[in-house]
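Presented as structure tokens, the chain that follows is alone, the form predicted alone.
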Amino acid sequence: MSQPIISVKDLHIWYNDFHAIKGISIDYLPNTINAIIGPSGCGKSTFVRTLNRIHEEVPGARAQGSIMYMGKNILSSEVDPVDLRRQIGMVFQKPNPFPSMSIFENTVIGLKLQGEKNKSKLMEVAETCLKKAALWDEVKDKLNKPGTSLSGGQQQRLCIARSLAVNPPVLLMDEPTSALDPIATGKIEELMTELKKEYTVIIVTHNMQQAARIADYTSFFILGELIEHGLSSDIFTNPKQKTTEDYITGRFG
């Protein structure tokens, strides 16, 4: 079995006095899709945002424990969160293309911020990443139009392309399809399945059918605790915990 790309050990997160994440330990393997499910307010988004330290943007946030990535505890003060976020990308629930930028500029902004100025290199990366995001054929003739001119599903794929442009080994997705229609959702799901050939994907989802369809592994959270983690096929057909079974069968949550 391959070594984990991310290994979380005894992670606790607080926002001031609120204990949001309580002693979670979990490993993520390379080239897998990993779903996090659970009722609203159970800590799913807090947990996934901690994996690239975006949780720190909230005043009063503090973390204890370790998140090992590339041999380092990313919670250490020696790790630069800006550099970390280049390696562990994030796609949010609501598509957020930069409104003043074209489709092309939205795609390559991360590379430009890293100092890349070669136009042919930027164009090559834009085309590659838009193809990976299954968007190239739809936008190749209008790269100079605003990113916000696209439909919601296209905007979300543009945000995925933007994340891929800096080539992060890990891609976090916080309910990336919850605001999309079924057709757009299907395209994003197909895209995630394709992306795992090159990346590790960790997705928060309220949609249990989505987790069952696309995730290799699923974690079930309640009130900041990890109740169960395992192969999605086991979680959805033969869960070890009764609480997991009750949630999946709709008895609560």
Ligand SMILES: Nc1ncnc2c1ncn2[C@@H]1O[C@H](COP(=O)(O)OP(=O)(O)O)[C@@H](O)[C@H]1O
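In this text, residue numbers run from 1 along the sequence as written. Keep in mind the model is a prediction, meaning the values are calculated, not measured.
There is another form of this protein, the form predicted in complex with the named molecule, and it is not shown here; the text below is about that form.
Residue in contact with the named molecule in the predicted complex (any heavy atom within 4.5 Å), chosen from P30, P39, G65, G186: P39. Of the residues given (T200, Q210, N52, T46), T46 alone sits with a heavy atom within 4.5 Å of the named molecule in the predicted complex. The shortest heavy atom separation between A20 and the named molecule in the predicted complex is within 4.5 Å.
The named molecule is not shown here, and in the predicted complex it never comes within 4.5 Å of any heavy atom of F236.
Residue contact check for M70: none of its heavy atoms lie within 4.5 Å of the named molecule in the predicted complex.
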